[in-house]
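The chain below stands alone and is given in structure tokens; this is the form predicted on its own.
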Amino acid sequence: MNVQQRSGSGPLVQSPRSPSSQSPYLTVSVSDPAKMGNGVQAYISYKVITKTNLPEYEGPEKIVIRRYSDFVWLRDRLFEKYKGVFIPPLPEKSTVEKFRFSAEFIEMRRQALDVFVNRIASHHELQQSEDLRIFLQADEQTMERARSQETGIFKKKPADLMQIFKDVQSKVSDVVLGKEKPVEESNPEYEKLKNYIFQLEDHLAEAQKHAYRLVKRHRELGQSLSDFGKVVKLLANCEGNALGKAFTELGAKSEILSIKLQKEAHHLLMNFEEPLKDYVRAVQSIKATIAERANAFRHHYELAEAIKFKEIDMNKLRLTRSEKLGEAEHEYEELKADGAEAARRFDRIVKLMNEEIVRFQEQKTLDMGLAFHEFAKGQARLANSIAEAWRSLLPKLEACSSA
């Protein structure tokens, strides 16, 4: 239904193809960020425009206003309901006040949110979500009510969450101290998948760190050239004739190159560092799905063990002709039903994950290919501009040095 393409002026963006009246389509864009409120209550709102011919939607076009917490709500709902599916990641929420409302941060987040919602809209299962339709169509009051009705762990009170974390900490301690051995799935393909994901996260994080340094270096060099250009222009005022003119032109070229470096730093940030950072987040989302698979396997295993113990108890009750046999048989049937449901849930997660990893690798190949192509193209463009600028000055500087 949808294919990936790149926005002409932004970073790598997964966007559906142009609407066609002959085939089903669902296209979404996140645009027009605007600051709302003041002080600690201030936030950024976004215009979310949906165009579709799908019958379950209210019309061919819908425009709603959403804020970051609405995107978080959608992500959490999908994660709760679609076990085994790699839920697209969200950009981080900046806690540094001076960066929260900077133009660059706002644009980076807007583009990341656009990628997030389009990944959902183009996913064959997630695009059918009722929560996605609410997100894309509901008015602000309805959206706010939906956010207040969160499910699962997201609905728990802080005290409940603290207890959950204490329980997890206790279980981890038991495993570390040898009191309890973790129940883990023994599957060579699954182990291979986990190793691949963990290694991929490390390598992507390292690549993103160096991409950040490249952006920083471009900006620092651009600033240095700007400062140098101003000083050389002042120096030119002290000179006359050919040397003064050469210095003036040198200062002007330095300032022009400074602007080019700053532009290339921004291009590098949006088209290279951000896609790498986005895939670091995507891998972390996959790890959350892996944890869900581990939980599903553990639940299935524990129920299977409980069924075995219940069978032993029933045999003992039969031998003693106990009056509790009927109650035990009822509990046994309930356990068998729960066990069968747990097995189906686990099998479904495994099936979905097998499909998801293939889709992820195919998309990663496209996205990383585009990101590194943008990087190389930008570096070549910048190198040519720098070489051309300095080359044009050589005759005048050579004339001064030989005078």
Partner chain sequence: MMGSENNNLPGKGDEEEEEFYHPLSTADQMQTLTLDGDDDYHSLNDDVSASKSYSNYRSAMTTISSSVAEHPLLPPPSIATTPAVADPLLFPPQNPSLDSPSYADVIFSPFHDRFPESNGNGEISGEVTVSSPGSQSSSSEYLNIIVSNPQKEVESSNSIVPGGNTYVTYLITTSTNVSDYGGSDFSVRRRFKDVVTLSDRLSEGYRGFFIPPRPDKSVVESQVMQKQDFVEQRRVELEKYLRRLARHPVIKKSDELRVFLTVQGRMPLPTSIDVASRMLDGAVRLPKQLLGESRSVVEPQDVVHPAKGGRDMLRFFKELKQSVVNDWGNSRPPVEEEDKEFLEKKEKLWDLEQQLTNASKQAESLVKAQQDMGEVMGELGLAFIKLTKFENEQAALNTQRVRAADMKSVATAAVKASRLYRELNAQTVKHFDTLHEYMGLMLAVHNAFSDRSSALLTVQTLISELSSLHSRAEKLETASSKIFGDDKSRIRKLEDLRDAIRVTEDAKSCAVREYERIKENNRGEIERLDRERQADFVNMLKGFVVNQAEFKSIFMKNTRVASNSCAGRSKILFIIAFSITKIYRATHYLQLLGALLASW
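Numbering follows the first chain given and starts at 1. All of these numbers come straight from a predicted model, not from anything done at the bench.
Another form exists, predicted in complex with its partner chain; not displayed. Remarks below refer to it.
**Q.** Selected contact from 142, 320, 199, 102, since only one has a non-hydrogen atom within 4.5 angstroms of its partner chain in the predicted bound form
**A.** Contact check passes for 199.
Q: Using heavy atoms only and a 4.5 Å cut-off, determine which of 184, 329, 302, 239 is in contact with its partner chain in the predicted bound form.
A: Only one option qualifies, and that one is 239.
**Q.** Touches its partner chain in the predicted bound form: residue 307 (any heavy atom, 4.5 Å)
**A.** No - in the predicted bound form, heavy atoms of residue 307 and its partner chain never come within 4.5 Å of each other.
Q: May I ask you to state whether residue 59 is within 4.5 Å of its partner chain in the predicted bound form, using heavy atom distances?
A: Heavy-atom contact with its partner chain at 4.5 Å: absent for residue 59.
Q | Non-hydrogen atom contact residue 135 with its partner chain in the predicted bound form at 4.5 angstroms | A | Answer no; every heavy atom of residue 135 is more than 4.5 Å from its partner chain in the predicted bound form.
Q: Could you confirm whether residue 85 comes within 4.5 Å of its partner chain in the predicted bound form, counting heavy atoms only?
A: So residue 85 does not count as contacting its partner chain.
Q.
Would all three of 213, 227 and 231 be in contact with its partner chain in the predicted bound form, where contact means some heavy atom lies within 4.5 Å?
A. Yes, each of 213, 227 and 231 comes within 4.5 Å of its partner chain in the predicted bound form.
(Q) Within 4.5 angstroms, counting heavy atoms, which one of the listed stretches 75-83, 311-319, 292-300, 213-221 is next to its partner chain in the predicted bound form? (A) Of the stretches listed, the one contacting the partner is 213-221.
Q | Residues within 4.5 Å of its partner chain in the predicted bound form, restricted to 369-384 and counted by heavy atom | A | Residues within 4.5 Å: 369, 370, 372, 373, 375, 376, 377, 379, 380, 383, 384.
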